[in-house]
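Below, in structure tokens: the form predicted alone, a single chain.
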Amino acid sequence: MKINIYPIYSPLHDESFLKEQTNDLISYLSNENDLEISLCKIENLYDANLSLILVESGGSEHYFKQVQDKLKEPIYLLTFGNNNSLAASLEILTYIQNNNKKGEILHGSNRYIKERIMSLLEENHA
């Protein structure tokens, strides 16, 4: 199963630290599963079984709005527990819902996120 992830972040945050956290999360999610997880450009986001927007930091709301017209529902927002990622994801989800679109935040322990991703993959292929 293939998962494409489009990352968004504010340049006010340390990019190398964000990349390290992202790599750790991807390594965990792909471990022990038959998952091919790739960071991608927005143009390739939907060339997969599941597509996620990774909100890497606070201040990402502006960058989400720049790509929103290229996104399909439901919009899945993957978040970290750090760098105000959850706060930005909540703002983005509110924006999505205020525009009468469907979205969901995937947040919690790495284990929970992995379980939810596996569930979404099953739902999409049922």
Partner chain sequence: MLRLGVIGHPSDWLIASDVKYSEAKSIFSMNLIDIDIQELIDLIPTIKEDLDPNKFSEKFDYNELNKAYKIYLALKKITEDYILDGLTVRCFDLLSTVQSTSCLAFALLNAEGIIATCEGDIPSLISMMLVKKYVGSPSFQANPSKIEIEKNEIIFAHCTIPLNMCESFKFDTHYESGIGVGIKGEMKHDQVYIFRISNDLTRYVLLKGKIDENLNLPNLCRTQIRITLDKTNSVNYFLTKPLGNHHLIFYSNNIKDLQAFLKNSGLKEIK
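Computed from a prediction, not measured in an experiment: that's the story for all the values here. Positions refer to the first chain, counted from 1.
Not pictured, yet referred to below: the form predicted in complex with the partner chain.
Novice: Just one of L86, I26, L35, C40 has a heavy atom within 4.5 Å of the partner chain in the model of the complex. Which one?
Specialist: None of the other options qualify; the answer is L86.
Novice: Verify the contact flag for N49: yes if a non-hydrogen atom of it lies within 4.5 Å of a non-hydrogen atom of the partner chain in the model of the complex, no if not.
Specialist: Result no; N49 lies far from the partner chain in the model of the complex.
Novice: Check whether S109 has any heavy atom within 4.5 Å of a heavy atom of the partner chain in the model of the complex, and answer yes or no.
Specialist: Yes.
Novice: Residue-level question: is H62 within 4.5 Å of the partner chain in the model of the complex, judged on heavy atoms?
Specialist: The answer is yes: H62 has a heavy atom within 4.5 Å of the partner chain.
Novice: Is there a non-hydrogen atom of L45 within 4.5 angstroms of a non-hydrogen atom of the partner chain in the model of the complex?
Specialist: L45: no contact with the partner chain in the model of the complex.
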